[in-house]
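Next up: just one chain, as structure tokens, the form predicted on its own.
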Amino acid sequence: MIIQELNLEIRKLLSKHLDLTLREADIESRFILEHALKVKHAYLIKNFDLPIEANKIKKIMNFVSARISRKPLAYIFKEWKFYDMDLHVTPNVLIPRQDTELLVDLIIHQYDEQEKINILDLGTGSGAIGIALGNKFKNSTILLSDISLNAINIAKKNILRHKLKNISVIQSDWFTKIPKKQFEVIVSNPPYIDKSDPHLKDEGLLHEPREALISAQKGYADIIEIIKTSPNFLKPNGTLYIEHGYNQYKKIHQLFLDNNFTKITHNEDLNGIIRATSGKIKI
């Protein structure tokens, strides 16, 4: 079987069993082929008539079967791309999403990459945000923290994978083990979904760890904790960056004001929806 034939067969199966559009099925088929064959998209296009070995077809179809069972591709592949970096992921951590790259963009635009700053990635999960920042800010010191020991171990694997020497990891329930007044930047993508939110039934979230998604007080409990406590851990004029739900920015703006933050900004994701808020602590 040649690449083009296999791509069409995968697309047909995914479209049939997952109720995907042909375009969606085509994208997922491409991801599967690229990952299994360890090639780029351009290779698939250029070599569409290239025969595929039987053992590789078997591997590819195992991926397809797992996907038909509605398991996310990231957990099937055991890795996913974030900020052009491949990261190891398991169902113990959230799948890194392109929308979260907004937080990295905001910090890169705010600070010179040659600066020496201390950055805390709070609730790091796979380490995606902190590792992307550690790769950009080579002269800076990055601390990753998470309450989950499983997440800590995954983050450590990703640090080693990318050979970053400026990143350390600590297990901590939010700020309990974090040194005070040490950071120019605190960044977090915390749990912010209410337990009754219908989005939790979406296929994309069903396999992900609930403790990394759901927060008490209608999704605000962890956000409130971070915003209220961050001033004790930021240096003068330090900045907090936080990801949140599409309908939470108004309350979060007030929380920033109530906790001595200034220069509060709201930032839109790729769909034009406000999904991140930042603010500087008053000197």
Ligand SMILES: C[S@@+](CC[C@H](N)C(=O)[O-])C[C@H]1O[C@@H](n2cnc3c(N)ncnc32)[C@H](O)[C@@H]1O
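Please read all numbers here as calculations on a predicted model, not as lab measurements. From 1 onward, residues are counted along the sequence shown.
One more form of this protein, predicted together with this ligand, exists but is not displayed; see below.
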Counting any heavy atom within 4.5 Å as contact, can you tell me which stretch out of 105 to 113, 123 to 131, 156 to 164, 70 to 78 lines this ligand in the model of the complex? 123 to 131
Sort through 135, 172, 90, 141 and report the residue having a heavy atom within 4.5 Å of this ligand in the model of the complex. 172
At the 4.5 Å heavy atom threshold, is residue 211 in contact with this ligand in the model of the complex? yes
Examine residue 147 and determine whether its closest non-hydrogen atom to this ligand in the model of the complex is within 4.5 angstroms. yes
Can you tell me if residue 119 lies within 4.5 angstroms of this ligand in the model of the complex, counting non-hydrogen atoms only? no
Within a 4.5 Å heavy atom cut-off, is residue 185 in contact with this ligand in the model of the complex? no
Suppose contact means any heavy atom within 4.5 Å; which members of 182 to 203 contact this ligand in the model of the complex? 189, 190, 191
